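Here's a solo chain for you in structure tokens, the form predicted on its own.
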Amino acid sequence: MSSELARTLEALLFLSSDPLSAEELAEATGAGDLDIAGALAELQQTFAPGARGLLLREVAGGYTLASDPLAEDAARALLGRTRHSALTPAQLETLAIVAYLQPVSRPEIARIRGVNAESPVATLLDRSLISESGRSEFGAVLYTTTSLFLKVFDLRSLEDLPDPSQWDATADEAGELRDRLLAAGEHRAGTTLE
């Protein structure tokens, strides 16, 4: 790596726990957009997969340095860090609802899921995958995903979310979903259809 600007960007990316956008890097260094783009391209070459123990990743609308997945087991042994347990199906379902419908309230999440959403929402808030972002016209707290969500799921932006229309439900899944929606509607209306 020969460029002084590239070395400076490397240091900034190393120091930051969050991804940094090209604009933030330009503001911090006083460099122009073309110079930043050139220095980032230089860093992409330096930290190309398989070349070093670090990778330059573009996630959550910015750039970050990440360790090569090859070193994961050794790093875990050295640092002894406990990892969060995997998200439960209820938490994943809730996170998907927030990701695709944000901003969305807890009552809306519960209505879609057909069950109380308090526990999954609390866990997702604790893990900083979602955050509060205002209130609905009825006063309910609204939730959106965070930049950590983008980073964890390796997304540059929400536009990179998979298109749900590419997965068609099986007849059994469609029937189960229809039954859940009917039951939720009946419960809200206080009636039971025979």
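Quick note: we count residues from 1 along the sequence shown, nothing fancier. The model shown is predicted, which means the values in this text are computed figures rather than measured ones. Take the two forms, find the largest set of C-alpha atoms that superpose within 1.5 Å, and that set is the rigid core.
The form predicted in complex with a further copy of the same chain exists for this protein as well; it is not shown, and the discussion that follows is about that form.
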D35: heavy atom within 4.5 Å of a further copy of the same chain in the predicted bound form? no
In the predicted bound form, does A31 have a heavy atom within 4.5 Å of a further copy of the same chain? no
Do V104 and a further copy of the same chain share at least one heavy atom pair within 4.5 Å in the predicted bound form? no
Report whether the minimum heavy atom distance between A22 and a further copy of the same chain in the predicted bound form is within 4.5 Å. no
What residues, if any, in 128-153 have a non-hydrogen atom within 4.5 angstroms of a further copy of the same chain in the predicted bound form? E132, S133, G134, R135, G139, A140, V141, Y143
Compare the position of the CA of F153 between the shown form and the other one after a rigid core fit and state whether the shift reaches 2 Å. no
If I superpose the two forms on their rigid core, does the C-alpha of L54 end up displaced by 2 Å or more between the shown form and the other one? yes
Does S131 move its CA by 2 angstroms or more between the shown form and the other one when the core is aligned? no
